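Presented below, as structure tokens, is a lone chain in the form predicted on its own.
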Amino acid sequence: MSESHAAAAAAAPAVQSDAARVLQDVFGFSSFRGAQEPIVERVLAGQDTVVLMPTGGGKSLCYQLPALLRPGVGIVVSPLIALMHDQVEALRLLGVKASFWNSTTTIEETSAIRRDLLAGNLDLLYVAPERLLMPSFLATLNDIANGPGIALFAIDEAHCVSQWGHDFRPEYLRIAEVTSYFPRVPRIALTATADAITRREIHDRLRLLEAREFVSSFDRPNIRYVVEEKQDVRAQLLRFLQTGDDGASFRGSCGIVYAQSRKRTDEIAEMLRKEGYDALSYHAGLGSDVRSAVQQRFRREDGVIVVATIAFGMGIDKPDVRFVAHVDLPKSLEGYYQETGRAGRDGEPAVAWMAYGLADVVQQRSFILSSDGSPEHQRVDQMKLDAMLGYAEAATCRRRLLLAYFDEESGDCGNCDVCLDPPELWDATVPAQKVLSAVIRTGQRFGAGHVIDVLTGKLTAKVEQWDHQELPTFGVGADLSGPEWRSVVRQLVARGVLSPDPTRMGALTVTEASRPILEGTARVELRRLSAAPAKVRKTRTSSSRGAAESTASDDDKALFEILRDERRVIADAESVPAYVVLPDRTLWELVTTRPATTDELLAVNGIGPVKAEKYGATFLALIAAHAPAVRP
């Protein structure tokens, strides 16, 4: 622990624990959240720990705080440069001696970091897994262990160790080789996303067999989940952005739009720019300088929308992302949870919106079949895709299904499109039989479009080419529209009754699950296709502007803008994102409490002695100069 931190801790009341003193004096928080306290106590005691905590739940504190209290430097293994930069910038503003050592570090910076490490002048060092595995870095670790000491090893984004997962990184498989050389140094592995298989791999592959596992709720109640049937996805995305979730536009809000291909990413970003949005594309086909510039703008500016492949997002520490949109179906619920988890890290209302169609299923299955994975890997990937498809076609609470996937039980959330606008269910047994019959009679060699043409009696060139107008199923489905039949087909695919073959252009085939339906021994109940887009009902708590602002008076809003402008000036001068100086939640607490003294300022969550000393006088003066609010 650095001298400044030790002095601050010594000055606090003796009845307060060391951890609680550092929590208040360094991080500016009066109390721990959730399981943070027992996790911190376990690491301080030198015991191995595995932490599963949702994005925004406070995982970083679980290793940052013990690193300040234990002798030596805390080594944090992180797979992403952007995350390292965010964390180090935020820590330095708190007075913590932190640094990162990665591919962007210059030779001069590397030499300075090594000197600081050997002199015991660093509290935390962030490194990429590739750096950790280098023999030269292992030699440096040995020198540190024999000198100032190693406080702990924190393995962030620990789900990257899973070969079954969506973010597998082979370097993670060798992390345990390095940590095994330092058996007395506690290890803490952390992730926001891990199903049962991934949890076992974290314990096994990181050699954390005796580690206690802390599992917090995966629920993000401030995120509203909405899914629409994909039709004209660009028009649907625009409608979502223009109407928001409470009738207000998302214009001026930060957001992420995920797409599968680089081409679609560029096209959607261009379309959004033409509509007046500050939109940027991000994918692996862009140069590293371009990608870095996009990340910097997203982190430091307000109202930026990034349209990206899944290469973007993991490790982004921006708290005020108001929406995450998917214009293509993700390949797994883990990936979907990870990506949507970028929204609403500040606890304010946010929306996870997705549009998907049957073509997405065909595309994802094609990716699985063309992958280099073993048959077992492909089988697991297919199971994950099936779970994702089941979520997309849910007729019950989406949050309930999402949490159940991570072995967490919950009731209906009241904050997803299904809960807010329950779908009408109908007896679709006969339509299901008609679809299955049409698939079989056309030889199980055609996609959904042709099968629907046969059912609706549409005399196309392909129908005539194959004489399918002569089939007994031709025209038997004229009572339903094309979109209604697509909904039926999609839901039967989601239930595993029909299977599109990606090797034959999505040709529909029947599965064994179709037998009881064809024999008339099973009833099929499906969601009826709604004529309107998925509703996101207008409620106060769903405001894209945030709960605090939506209930604030004009006087409060005016003061907030004054404080916000000053925060921007400070952030620009410090060359850091505005939220690193003070997050919106802290600004709103300043607005509502109107502190007049330093002691009152220190009672505000997120403001400790360091920030109070650096920024306190400025903010107190602005609050005092503003006309006082009239309080009841």
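Keep in mind that this is a model prediction, so the values were computed, not measured. Position 1 is the first residue in the sequence shown; the rest follow in order.
Another form, the form predicted in complex with adenosine-5'-diphosphate (ADP), is not on view; read the next lines as being about it.
Novice: Can you tell me if residue 588 lies within 4.5 angstroms of adenosine-5'-diphosphate (ADP) in the predicted complex, counting non-hydrogen atoms only?
Specialist: Heavy-atom contact with adenosine-5'-diphosphate (ADP) at 4.5 Å: absent for residue 588.
Novice: Looking in the predicted complex, any heavy atom of residue 577 within 4.5 Å of adenosine-5'-diphosphate (ADP)?
Specialist: No.
Novice: Indicate whether adenosine-5'-diphosphate (ADP) has at least one heavy atom within 4.5 Å of a heavy atom of residue 597 in the predicted complex.
Specialist: Because no heavy atom of residue 597 falls inside 4.5 Å of adenosine-5'-diphosphate (ADP) in the predicted complex, the answer is no.
Novice: Within 4.5 Å, heavy atoms only: does residue 345 come near adenosine-5'-diphosphate (ADP) in the predicted complex?
Specialist: The answer is yes: residue 345 has a heavy atom within 4.5 Å of adenosine-5'-diphosphate (ADP).
Novice: Among the candidate stretches 588-596, 560-568, 41-49, 28-36, which one is within 4.5 Å of adenosine-5'-diphosphate (ADP) in the predicted complex when only heavy atoms are counted?
Specialist: So the stretch in question is 28-36.
Novice: If you look in the predicted complex, which residues in 448-462 sit within 4.5 Å of adenosine-5'-diphosphate (ADP) (heavy atoms)?
Specialist: Sequence-ordered list is empty.
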